[in-house]
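In what follows, one protein chain appears twice in different forms, each by itself as structure tokens: structure 1 and structure 2.
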Structure 1
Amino acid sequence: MTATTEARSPIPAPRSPRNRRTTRTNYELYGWVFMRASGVLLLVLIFGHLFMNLIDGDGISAIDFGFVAGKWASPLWQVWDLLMLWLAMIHGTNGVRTIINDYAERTGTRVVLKSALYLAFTVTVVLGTLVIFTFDPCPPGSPADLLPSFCTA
């Protein structure tokens, strides 16, 4: 407990002023808040999704093209899926970004992994959004028994 042992230790004394690299932004704080706010919404959205698709009716064995067409005929499930897509992708991408920052030590590795992450984010969100908005429940030329009943009505 003498001053000499302290001086030799590579570990800075408690509460010694840190050499903080200020980023001048609050983005990490916003990310932290977003992870929590989106988490609450995702709990409701995903549990609802899993209930409708795995528990209600015959569960997974009832899912086919007609099932999806029936759901997306209603604006409720369109908005539901759109919100779930965006929130889960932003929440998940931000979470995986944290994981990359924690484990990828070399700058080059981090750049490569994060570029791949942001590419996957963009492709998935754009594709998923387009699918919801351009969905055609009655594609011409498809056998009627695969389509929802309202196509022939």
Structure 2
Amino acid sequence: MTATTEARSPIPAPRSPRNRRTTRTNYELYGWVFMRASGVLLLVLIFGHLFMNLIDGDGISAIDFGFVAGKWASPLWQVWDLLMLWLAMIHGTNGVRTIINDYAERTGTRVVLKSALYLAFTVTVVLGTLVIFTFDPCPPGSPADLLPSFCTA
């Protein structure tokens, strides 16, 4: 009584991805690994930043222009904040890129959204990097009444 009957499944075969080229690179795998590694490193950078600014210092009331100026006078904190900026932006951009790939159905929509994303990434990273490395709280030749109290006129 072992009769075999072939039952056809009413579920259609999976369709191929939406007009995407198939490549033999591990780009998505590298992106996945990067997200995990950068997430862990970002946790260390962010909690170190919060500890030094809020707990080790005088709290949030002590954070002002002078505090940031004094902090960015040290190359350690410039690099620390630069790493936070770059890693957070790359991490976030990669995450939003993944969401765009998952939910934008038309190719044109994906291109427009990714272009806007990459433009926002570039502008933010370039401007943030410039601010960190060119910040001068006491620019030479400024009127003394406009300079902060810690600057020597």
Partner chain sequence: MPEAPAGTLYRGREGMWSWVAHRVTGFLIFFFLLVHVLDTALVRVSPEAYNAVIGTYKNPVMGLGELGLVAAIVFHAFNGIRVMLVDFWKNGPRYQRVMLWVVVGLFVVTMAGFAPRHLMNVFGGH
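Quick note, the numbers are simply positions in structure 1, starting from 1. Think of the rigid core as the biggest set of C-alphas that the two forms share within 1.5 Å after superposition. Keep in mind that what you see is a predicted model, and the values were worked out from it rather than measured.
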Shown alone, the chain in the form predicted together with its partner chain appears as structure 1
Rigid core fitted, then: does M89 show a CA shift of 2 angstroms or greater between structure 1 and structure 2?
-> no
When only the core is superposed, L146 shows a C-alpha shift between structure 1 and structure 2 in angstrom of 7.6
